[in-house]
Structures are given as C-alpha cells and as structure tokens.
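Okay, here we've got a single chain as structure tokens, the form predicted alone, with questions on binding and movement later.
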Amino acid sequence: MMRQAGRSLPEYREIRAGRSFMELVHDPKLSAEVTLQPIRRFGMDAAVIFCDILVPAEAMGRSVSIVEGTGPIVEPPVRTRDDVESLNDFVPERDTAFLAEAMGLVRAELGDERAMIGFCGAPFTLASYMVEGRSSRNYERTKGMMLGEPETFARLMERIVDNSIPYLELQAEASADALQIFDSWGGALDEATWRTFIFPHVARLVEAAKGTGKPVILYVNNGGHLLEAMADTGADVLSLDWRVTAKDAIARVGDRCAFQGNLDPTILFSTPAVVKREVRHVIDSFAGAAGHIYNMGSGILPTTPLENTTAHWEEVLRDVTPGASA
C-alpha cells in the first residue's frame, strides 16, 4: 500500500500524535516501527521503508516541512540558476544515515522472508516541489522554467539525479530488495514534453539504480498516456494508477516490463464485500502480464475504514499457502 499502510492505522496515529511527520522520518526507531506496523497487522510480503520523497531536497540544503492541510513546504524555493548552483551535493552515508539505520532495524525484524522496498522521488517531482515551494495544481513556475529557461531546468534535474543516485545506492546497501522511483506529478506533462525534458534524466536514474543489482519500479501518477515512454526508461516494473486498465497496459507494453498496481484507493470506502470483489478483479486482470505485484494505484487515504483495509488484505492473501510468502 503506497504511502505506508500505517498512515490509516490507530497504532500509527498514536505514534504520530504530538510529532511532526519529518520527526518520524528522522528518528530511525520510530521510522522502523511505523514501517513494520502494517506488516505485523496484515502480513503483506513487502515493507516500504517509511520516509519521504523530499528527504534529498532537505539534504541538498532546503528546509522541508509537512503542514497539515497544506502539504509539503520547501523553503527557500529554487527559481534561478544561482539557486540551482547553490544546492548542496550531499553524502548519503552522513546526511541521511538515519534512513540506513531505520532500514537495518526493519531488516532485523523482517528477516529474509519478506522484502523491503526503498525509494526516491523522480526528478520532475522533486524539481517541481523545489521550484514551486509547495504542491501545485498547474506547475506554472516549474513549466515556466522548463520551457523558458531550459538550460536552468536541465541543470536542476541533473543536480537532483546526481544526488538521487548515491541516495538509492545507500538504500540498496542497507538491504533494500527493490528500488522504486515515484513521479507524483509527471502525469501533468504530455508525452512529447515528458520525452524531451524528463525522459533523459529518469532513464539515467533508472540505469544507475539497476546498477545496484536491484529491480527498479517506476511510478508516474496519472501517467497512463506515458506507458510506452516509461517502458523505454528500462525500468523492470511499471507501477500503474487506477486510471489504466491491465488490458491496455499489457497491450501497449507487452512483456517488456512487469506491472504493479492498481486498485483505486477510494474503493476502500465502500463495503468489505465490494472491496474483496474489486481486489480480485485487479489480481485476475493481470493474469496475462509478464509479472504482477499487487498494489494500490495511489496512496491509501488516512480515513480509510480499518475493516475495509482488513478485508482488502484478506482477499489479497487468500490464495497464499499458510506460512508462505505472498
């Protein structure tokens, strides 16, 4: 479950009370605990390490805060070539050591029976947060830089990828079994623009991540029109949101990639019976794919009813032999 299933769990809310989101991220013991909570409750076979896609932006010298009701705030924003050049090249082993420590704690409890997924934000998503300073509906400043000052934009993307590569390498060394690249905002671009301005940087990041020997998953939210371009990056797995049908994805990509996805998270606001029916439909629809990792098509919502989340995992795991990995 993307965004860590724990964000909807009472045990997560108990830990979160009185603490900022970034406090959890920076505390290895709390980060590990939050990562493991949904595994203990539901028994899924992979843990997504609790972190945030903006950690590299913070390590590059920007202040990052998560404001309730607003979302991430990045200060000061990156608006000029001088701003881009002023960013730090960070040393992951020093500046994000808390992440490696958290992953070690998670691995100690998971053992070798379950997988752990590390991740980073895709360069366009990180760039948009850094340029806009917060979430955006239209990405006016980001697209303005991309189209009006393409060299400055390309340099920003280059700096982000330069720092994201060793950041992912740190996670691979800390025993991540797979690495996922999240592009929350890439779907805001048409295919021609994505191929021109974004593809080279994502492809470089994917290639470097694959160099760790770990499989690489690429997710572009609302990116159904980009499937062929996403496959061209060389990613091993394309993570799909719920707007893309399995039939369409398989027809367009074939066996070039496995798939991950793609239940609509709002289905979990229906009833347990409906949830189980829709989960089974997702699983069955990918039967002809080169490979399939069951996943939601976007982040679980914090107010999701617990009984529906429980029914969801009961259906996902019902065909699994007791005691075996899902």
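All residue numbers refer to positions in the sequence shown, first residue = 1. Everything quoted here is computed from the prediction, not taken from an experiment.
Not pictured, yet referred to below: the form predicted together with another copy of the chain.
Practice item. Have a look at 90, 98, 199, 242 for me and say which one sits with a heavy atom within 4.5 Å of another copy of the chain in the model of the complex. Key: The residue in contact is 242.
Review point. Ok, 57, 267, 39, 258: which has a heavy atom sitting within 4.5 Å of another copy of the chain in the model of the complex?
Key: It is 267.
Exercise for review: Could you tell me which stretch in 217 to 225, 101 to 109, 74 to 82, 170 to 178 has residues with non-hydrogen atoms within 4.5 Å of another copy of the chain in the model of the complex?
Suggested key: In short, 217 to 225.
Point to revise | residue 166 within 4.5 Å of another copy of the chain in the model of the complex, heavy atoms | key: Result no; residue 166 lies far from another copy of the chain in the model of the complex.
Point to revise | 4.5 Å heavy atom contact, residue 189 to another copy of the chain in the model of the complex | key: Yes, residue 189 is a contact residue.
Practice item. Please run the contact check for residue 195 against another copy of the chain in the model of the complex: heavy atoms, 4.5 angstroms, yes or no? Key: Residue 195: no, not in contact with another copy of the chain in the model of the complex.
Review point. So in the model of the complex, does residue 277 come within 4.5 Å of another copy of the chain, heavy atom to heavy atom?
Key: Answer yes; at least one heavy atom of residue 277 falls within 4.5 Å of another copy of the chain in the model of the complex.
Practice item. Taking only heavy atoms into account, state which residues of 97 to 136 are within 4.5 Å of another copy of the chain in the model of the complex, ordered by sequence. Key: Contacts from 97 to 136: 135, 136.
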